[in-house]
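Only one chain is included here, represented as structure tokens and corresponding to the form predicted alone.
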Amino acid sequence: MKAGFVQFAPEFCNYDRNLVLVEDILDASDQVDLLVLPELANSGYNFASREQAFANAEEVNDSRFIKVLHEYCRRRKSYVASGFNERVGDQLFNSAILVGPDGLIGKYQKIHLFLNEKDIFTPGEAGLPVFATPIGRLGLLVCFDWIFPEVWRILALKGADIICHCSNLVLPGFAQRSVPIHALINHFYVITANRIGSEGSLTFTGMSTIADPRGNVLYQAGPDTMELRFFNFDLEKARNKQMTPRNDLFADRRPEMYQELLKL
């Protein structure tokens, strides 16, 4: 399969412009099975208030943004994972959505909120889904989730072949260095789609990264360039958890010895 990312700068609180921007980017792309877009790709990121974020959010069942992604996926028989400013009643979630040829497949609501996100969004409590699709088993994470190894391992144990990591990273290079390690220790592919540009006091670090199940960086984007990149993935490499002839990444686990994690 072919999979990759779009690195670009959504326009802050300019929903109509972002619809056109994303549609133009997708239409200009080559045929690809999976594309990953950055965090909050439909709205921008650095909100001054919860009210401002709410005014730029959508519900998944009534979203023009999702309709644009669906139309692309329908025509290309492709899949897109994207960050999404999600409204659920009077709550806001920093979500990631997965869209395919038949429409919205599912979503993940960000568990670990970063900085001022805590004043705006509700932490996700719906868990860590893995979606079985014709192109592979896909897991979703959002930005600051990068620093918590537990969520990566849960997705691996649920059978994820690829992690779609929608991001608006601002810390200098930390996540980009960690992504190949998460890929290695869980033996899956990771696509970190970061954004570029700045909003207020925040400057986004770009450097979107694709890593393979051996921890090799297949590609890393520039820090401030708009890019659309994709590569061939061999999913059998993600499904083979053997490290040596006598060591299997999952079979050698000792869950009975890890119970202390629940007590700390």
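Just count from 1 along the sequence shown to find any residue number. These figures come from a predicted structure and were not determined experimentally.
One more form of this protein should be noted, the form predicted together with a further copy of the same chain, which is absent from this view; the next part is about it.
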Assert contact_stretch over 190-198, 135-143, 115-123, 78-86 against a further copy of the same chain in the predicted bound form, heavy atom within 4.5 Å, equals 115-123
Each of E11, V20 and I97 within 4.5 Å of a further copy of the same chain in the predicted bound form, by any heavy atom, yes or no? no
At 4.5 Å between heavy atoms, is G222 in contact with a further copy of the same chain in the predicted bound form? no
Can any non-hydrogen atom of L92 be found within 4.5 angstroms of a further copy of the same chain in the predicted bound form? no
Taking a further copy of the same chain as it sits in the predicted bound form, is P180 in contact with it (heavy atom to heavy atom, 4.5 Å or less)? yes
Going by a heavy atom distance of 4.5 Å, is P149 a contact of a further copy of the same chain in the predicted bound form? yes
